[in-house]
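Take a look at this single chain in structure tokens; it is the form predicted alone.
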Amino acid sequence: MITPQFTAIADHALLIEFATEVSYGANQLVVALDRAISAESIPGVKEVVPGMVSLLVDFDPLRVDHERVEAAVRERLTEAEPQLDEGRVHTVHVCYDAAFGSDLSVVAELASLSEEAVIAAHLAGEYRVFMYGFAPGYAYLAGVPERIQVPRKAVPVRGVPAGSVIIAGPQCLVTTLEMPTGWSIIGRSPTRILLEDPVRPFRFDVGDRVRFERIDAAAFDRLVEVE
């Protein structure tokens, strides 16, 4: 049984932590609590921000205080039942050709595998959206198989294109902007994560599952126009 820790943040937020290290169990509690609060809103609460193993509840200090928010959150914790099979399943296409996966050979060398074995391992991963952060649409996916988990680079690379499929440790991410990264670039996806929809700006919700599907360069060119 995981006992959450409650910490007051300034005069307007409450942090609920379920663990100090990333785990599926802690993240599922975060997702479950997020959904429980969304289903029955707390008066004065302005925003709920789920993280890897914690949840930040931001509130209006003129309407409510830490004690009342904590009491309301504790009530909803009794209703927060983790459901591992909940969340939508999304297919994300990825091309692993050398032009798109500049670090694929490096990952293969570090893992003592062939490039095809790295690709097969990546495709076999069971990915779940743990959180959004760092940049718009940056969905952090847990589930990279242990045999291809590699550390961050010592020096980040600039100008990494949007759509790059990158990994570091147990995490995977599809970039949405051209930005520097210290993660390993193993492919590129035409699947858009940022959507032109003000109501639903991101393709995934926290707690959703993602599976990767391999495509070739010709399919990438076709799909980039429609996805």
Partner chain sequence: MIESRIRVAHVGPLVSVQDAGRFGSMRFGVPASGPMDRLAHAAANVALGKPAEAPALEVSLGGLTLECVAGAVTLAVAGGGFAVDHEGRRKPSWSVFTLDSGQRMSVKAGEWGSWAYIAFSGNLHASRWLGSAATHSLSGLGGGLLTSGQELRVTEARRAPSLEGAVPVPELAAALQRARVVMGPQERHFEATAITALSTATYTLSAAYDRMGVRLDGESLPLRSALTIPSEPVVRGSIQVAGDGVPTVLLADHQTTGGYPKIATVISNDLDQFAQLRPGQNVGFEPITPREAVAHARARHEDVADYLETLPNARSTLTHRLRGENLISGVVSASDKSGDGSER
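Residue numbers count along the first chain shown, from 1. Everything numeric in this text was worked out from a predicted model, so none of it was measured.
Quick note: we don't show the form predicted in complex with the partner chain, though the next part is all about it.
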Practice problem: Sort through P201, P161, G182, P170 and report the residue having a heavy atom within 4.5 Å of the partner chain in the predicted bound form. | Solution: P201
Quiz prompt | Interface segment, criterion being heavy atoms within 4.5 Å of the partner chain in the predicted bound form, picked from 108-116, 94-102, 143-151, 128-136 | solution = 128-136
Quiz prompt | D216: touches the partner chain in the predicted bound form, heavy atom cutoff 4.5 angstroms | solution = no
Exercise. Determine whether any heavy atom of D65 comes within 4.5 Å of a heavy atom of the partner chain in the predicted bound form, and answer yes or no.
Key: yes
Quiz item: Is the gap between E40 and the partner chain in the predicted bound form 4.5 Å or less for some heavy atom pair?
Solution: no
Quiz item: Using 4.5 Å between non-hydrogen atoms, is L177 touching the partner chain in the predicted bound form?
Solution: yes
Quiz item: Going through 36-71 from first to last, which residues have a non-hydrogen atom within 4.5 Å of the partner chain in the predicted bound form?
Solution: K46, E47, V48, V49, P50, G51, M52, V53, S54, L56, D60, P61, L62, R63, V64, D65, H66, E67
